[in-house]
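Alright, two takes on the same chain below, each alone as structure tokens: structure 1 and structure 2.
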Structure 1
Amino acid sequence: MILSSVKLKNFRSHKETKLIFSERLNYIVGGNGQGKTSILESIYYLCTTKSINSNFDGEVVRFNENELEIIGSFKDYSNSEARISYFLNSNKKIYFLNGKHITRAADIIGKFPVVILTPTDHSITQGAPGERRKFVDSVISQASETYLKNLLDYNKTLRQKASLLAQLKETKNKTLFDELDAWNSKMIASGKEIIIHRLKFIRKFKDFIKDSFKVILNDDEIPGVEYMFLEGLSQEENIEDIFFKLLHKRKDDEIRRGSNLVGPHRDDFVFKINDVDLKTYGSQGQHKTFQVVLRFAQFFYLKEITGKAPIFLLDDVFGELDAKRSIRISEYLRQVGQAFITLTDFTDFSFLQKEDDDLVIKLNNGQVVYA
């Protein structure tokens, strides 16, 4: 998958910007506030229909403007054009793919696989379990429409069951118990599939993590990952029966608290180095390296599963790494193909070797200069 060009209108600081990209490495260089990260964000928008940093689309509209537009030209087995328009006054977003109006984000997820590494990735290894679930779900969803559908169904069931639990907490109406049992049965059906998908994914993904770790650190450290589900299980057993028993056991607690306490929405993934829990005992350097490794592993996993090379976005990565790891990572990028890397100043990173088919894009006060 190659992104040939992007046009931005009223997106963040970009009033009217057109960018033509190399099929290899694209270094996007500029000082703070010049719109480097916004370019990566616009690419992510085209691939996922969502922002990296904002929950509300209106936040990315240029100040004093009422609408934005992003247009991207992709090249794979055939050429595709994706276009997003957003109107602030009506809070309406429209996505067109090759001129056809796409009404569901699920129809775009996986169409243009994307991997993004940003400084906020520290939350994956250092943050709450929800951040690790979000990472895993985003990877599998780009590779499997079935998983994405199960995830959407499960989350819908969670919301509906939560509403019922809130009613039970308030009213103690026993006529609602049959309805609660029905939602639990639906929750088990889709939740079991999510757990099975995650188990299969982790078994395969472990090898991609190990391969990427070896490239960056040789055999100095050995990474690992373990999936903990249904209150502590790590091996596949009779998932449906255990799920049912846990829901029965926690039924009174769920009603008393008015919330869902059992299911894959509470699972966690434990990252390890040399069999030691990374979150608890890892150094800052180990955390940062693991975050980088996860994104390279994601890239090569999606490439193998989907048959498409994802678009690889790296935002301000090298500033937090030592020279040795930075050199290894910059060399590893050569195996990726097309990538987009933001830098404040190219001269500060002498280890980055620009080849003839790479491109340096300099941003300065709204002007774009190619080098």
Structure 2
Amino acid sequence: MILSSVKLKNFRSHKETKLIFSERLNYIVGGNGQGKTSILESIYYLCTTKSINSNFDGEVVRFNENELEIIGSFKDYSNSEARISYFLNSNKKIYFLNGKHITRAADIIGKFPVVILTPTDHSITQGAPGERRKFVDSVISQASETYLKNLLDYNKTLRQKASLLAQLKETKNKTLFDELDAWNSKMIASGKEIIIHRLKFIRKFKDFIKDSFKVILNDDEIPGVEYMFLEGLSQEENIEDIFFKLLHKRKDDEIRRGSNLVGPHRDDFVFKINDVDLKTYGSQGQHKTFQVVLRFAQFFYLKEITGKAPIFLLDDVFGELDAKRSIRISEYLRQVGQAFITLTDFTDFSFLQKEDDDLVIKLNNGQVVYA
């Protein structure tokens, strides 16, 4: 998948910006507040119909404007043009693909796969378990519609059961307890599918992490990842049985607290370097390296599974890394194909081996200069 150009209107600080991209590496350079990250954000918005970190689309509309528009030209087996408009007044989004009005978001999602590395990725390795689950769930969902549907079904079950637990806290009668058994059975049925899918995924994804780690570090540090589920399991044992027993054991607790205490919505993933827990013992550099590795692994994993190279967006990837790792990453990007990388003009990027096909785009006070 190649993105050959984008046109932004009223997106963040961009009033009207037109950019033509290289099929190889695109370095977007500029000082603070020049709108480098906004360009990556607009590409992400166009590919997924969602903004990266805010839930409210109004935030990405240029100040004092009402309507934003992004037009992008993609090249795959054939050319296609995608156009998204958002209207602040009516909070409405309109999507056109090759001039055809698209009404279902599901028809766009997955059409233009995208992988983005941002400074907020630090929460994946350093934050709460929920951040790791979000990462894993998003990668699997990009590759498997079945998993996504299962996850939505499971989350709905959780909401229904939580509501029932609250009722049970007030009134304890046999009918409600029987109903709780039914919701628990449902939880086990769809929760088990999620656990098995995650186990299979991690087994495969591990190798992608190892490969990426080797390219970036090339020394004797060996990365690992382990999936911890149902209060400490890591092997595929009798999931149904254990799940059932745990739900039974925590039943009173669940009713007392009115919330779901057992299940894959409480699982965690443990990242390791040389068998040592990264979250607890990793240095800043090791964390940053691991975050970069995870995104490269995601890229190559999705490329293999879907047969389509995702669009790769890297925001401030070289920020906290030493020259040696930075050089390796910039060399590694050659294997990706097309990528979009932001750099501040303070960064010393003399290490970048810029080739003829690569493009440096400089942003300065709304002016775009190709160097």
Partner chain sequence: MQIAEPLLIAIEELSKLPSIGKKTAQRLALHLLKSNTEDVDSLVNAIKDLKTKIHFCSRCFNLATEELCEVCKSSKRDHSLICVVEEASDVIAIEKTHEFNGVYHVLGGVLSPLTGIGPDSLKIKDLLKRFEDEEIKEILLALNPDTEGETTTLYLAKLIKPLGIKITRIARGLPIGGDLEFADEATIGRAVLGRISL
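If you superpose the two forms and keep the largest set of C-alpha atoms that fall within 1.5 Å, you have the rigid core. For numbering, take structure 1's sequence and count from 1. Values in this document were obtained by computation on a predicted structure and should not be read as measured data.
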{"query": "Chain form predicted on its own, by structure number", "finding": "1"}
{"query": "T157 C-alpha shift between structure 1 and structure 2 of 2 Å or more, rigid core reference", "finding": "yes"}
{"query": "Core fit, then N184 C-alpha moves 2 Å or more between structure 1 and structure 2", "finding": "yes"}
{"query": "Rigid core superposed: L246 CA moves 2 Å or more between structure 1 and structure 2", "finding": "yes"}
{"query": "Following rigid core superposition, Cα shift of D107 between structure 1 and structure 2 in Å", "finding": "3.0"}
